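Take a look at this single chain, the form predicted on its own, given in structure tokens.
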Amino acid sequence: MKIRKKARYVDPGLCNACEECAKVCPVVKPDEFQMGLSSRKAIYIPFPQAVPCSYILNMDDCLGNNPIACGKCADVCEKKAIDYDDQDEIIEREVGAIIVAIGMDVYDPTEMDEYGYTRFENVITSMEFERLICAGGPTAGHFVRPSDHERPKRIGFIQCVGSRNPKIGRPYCSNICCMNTVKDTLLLADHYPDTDNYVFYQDIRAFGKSFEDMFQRSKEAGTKFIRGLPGDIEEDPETRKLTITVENTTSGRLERHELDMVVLSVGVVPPKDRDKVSGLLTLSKTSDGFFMESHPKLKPVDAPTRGVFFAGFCEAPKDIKDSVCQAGATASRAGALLNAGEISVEAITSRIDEEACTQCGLCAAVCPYGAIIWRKGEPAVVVEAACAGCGACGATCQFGAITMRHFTDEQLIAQVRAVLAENPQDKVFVFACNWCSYAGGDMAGISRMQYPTTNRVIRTMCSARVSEEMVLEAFRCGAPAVLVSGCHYADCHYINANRQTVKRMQRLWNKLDKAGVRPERLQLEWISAAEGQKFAKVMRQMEEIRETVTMEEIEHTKQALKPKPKKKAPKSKEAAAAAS
């Protein structure tokens, strides 16, 4: 692994944080740690608890060491700790496990301008509130309004800003906002008992240990919780007071509240570096943009890529207690892997026959784990430690050069023929992925849900393992209807392997249409392990399709889809020369 160590331009071993450099620096910039509520110099300590506790120099802000420009910080540094020529350093390390803990970002409320965040100075975010009330903040803990530095007496908190809002692409709950606001109201009640606090909310989600008790304490302290989100905020230009209009859904009345300050309880969003990290480590994401774990119950801290683990907000919104708990589990899983000495992989990986390989590289292109190494002019090679056995490569190879252990083409096609050997016209043939749709069928059975008994299910590790030939063979054997089912499109157990399923199904529908076979006889459905009810519903729909298929149609399909001679791998130049 290559790690970039960014240049600090200040030697932490020499710097004693005397502050002389910051005193003479002429550059003034907004302090990111203080949410822009105070300023910093070009040379500064990032935050009070920084480790090491030494200054760093932001070269994007620095005027440089040209004598005409500046260089003052280097002149006053007695330790000679400042080096303008410092460069980023690339460090190489051999690692056995990777823990992804890149955190999260906070929602920017500027796009929700109905709350006046960009127009009214006294509308702040919950993050800015934290800095204003903190003893280490820009006002040394004295809570004041940004407009006039007077203490506000009536404060309103608006919940779910950037959360639970599908219109802005944030349909999920950020988990921490409700209790963060409850904590803030308790802080205000403790420091400033004469303050009137109003909380405008959809639902208060106090599901953690002692959270409900905190919620009740806040109400007892005088906080007024109003069920309803404001639709508009107005400001009096003279007094700078804010007037909120809100429909109280509990009382069914339209209310107006005059406030000194409004705090927007902003939600959390996936980190900016998410896509870059995802590409480096081959990680998958859920529909809300956070990283997806290997299994939500059995492997909650494991990434689908072996040897990679998650901790904290990058996997899903969670509070401090849950983050600490997950970090401990992640350290334990990584430690178990490193202490094992040797790792064992399931016997479902792929193997490549070098003699049959045409060196086309298609298998490497479809592998979601990057487990196949291919170079032009050379046979592909499988890295078994990285292979998860999804089978996408085996279904893509048209020359039979790839064998999937325990899920070979011969085994699966033999199952197809055996299932449809007798009375195929009375059966619905189903290919189901191991992790989701097959488990969904189990859920339907365990729950005793009623659906037709005509379905016959073959289990594959992934829907991407189902090749075109397997589906066509099912139709040749007389199947009136075929279903290919797998994980939900954005939640594939094998990162994004089911995208290959979609491409393959599109080609199959085109082939069936050209052959005069109704494409609707082949269906594709996404069914999760928890969707037993959907599995039963899909089986009923497939039965309805089966009942519309006549024997004449089945016989026509058999003739129209007669197999063509199999492709043979072209001989390499060396093999051709040896044969001659």
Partner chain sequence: MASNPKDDEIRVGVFVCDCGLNIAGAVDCGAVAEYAETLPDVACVVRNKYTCADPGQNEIKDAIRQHRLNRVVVASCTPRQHEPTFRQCVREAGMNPYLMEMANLREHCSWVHPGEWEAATGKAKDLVASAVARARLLQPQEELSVPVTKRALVIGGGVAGIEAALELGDAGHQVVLVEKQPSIGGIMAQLDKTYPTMDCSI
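Numbering follows the first chain given and starts at 1. Quick caveat: nothing in here was measured; it's all calculated off a predicted structure.
Separately, the form predicted in complex with the partner chain exists; it is not shown, and the next lines address it.
With respect to the partner chain in the predicted complex, the three residues A221, P300 and K503 uniformly fall beyond 4.5 angstroms at the level of their nearest heavy atom. In the predicted complex, none of the heavy atoms of G516 sits within 4.5 Å of a heavy atom of the partner chain. The partner chain in the predicted complex comes within 4.5 Å of a heavy atom belonging to R459. Using a 4.5 Å cutoff between non-hydrogen atoms, K153 does not count as a contact of the partner chain in the predicted complex. Contact check for A311: a heavy atom falls within 4.5 Å of the partner chain in the predicted complex.
This chain appears without its partner; in the predicted complex, the one residue of Y117, F200, F215, Y438 with a heavy atom within 4.5 Å of the partner chain is Y438. Here is the short version: of A365, L254, I90, V324, the single residue with a heavy atom within 4.5 Å of the partner chain in the predicted complex is V324. Just one listed stretch, out of 370 to 378, 352 to 360, 172 to 180, 154 to 162, contacts the partner chain in the predicted complex at the 4.5 Å heavy atom level, and that stretch is 172 to 180. In the predicted complex, R448, M449, Q450, Y451, P452, T453, N455, R456, V457, I458, R459 are the residues of 447 to 480 with at least one heavy atom within 4.5 Å of the partner chain, listed from first to last.
The distance between the CA atoms of H295 and C387 is at least 3 Å longer in the predicted complex than in the form shown here. Compared with the form shown here, the Cα atoms of T282 and C387 sit 3 Å or more farther apart in the predicted complex.
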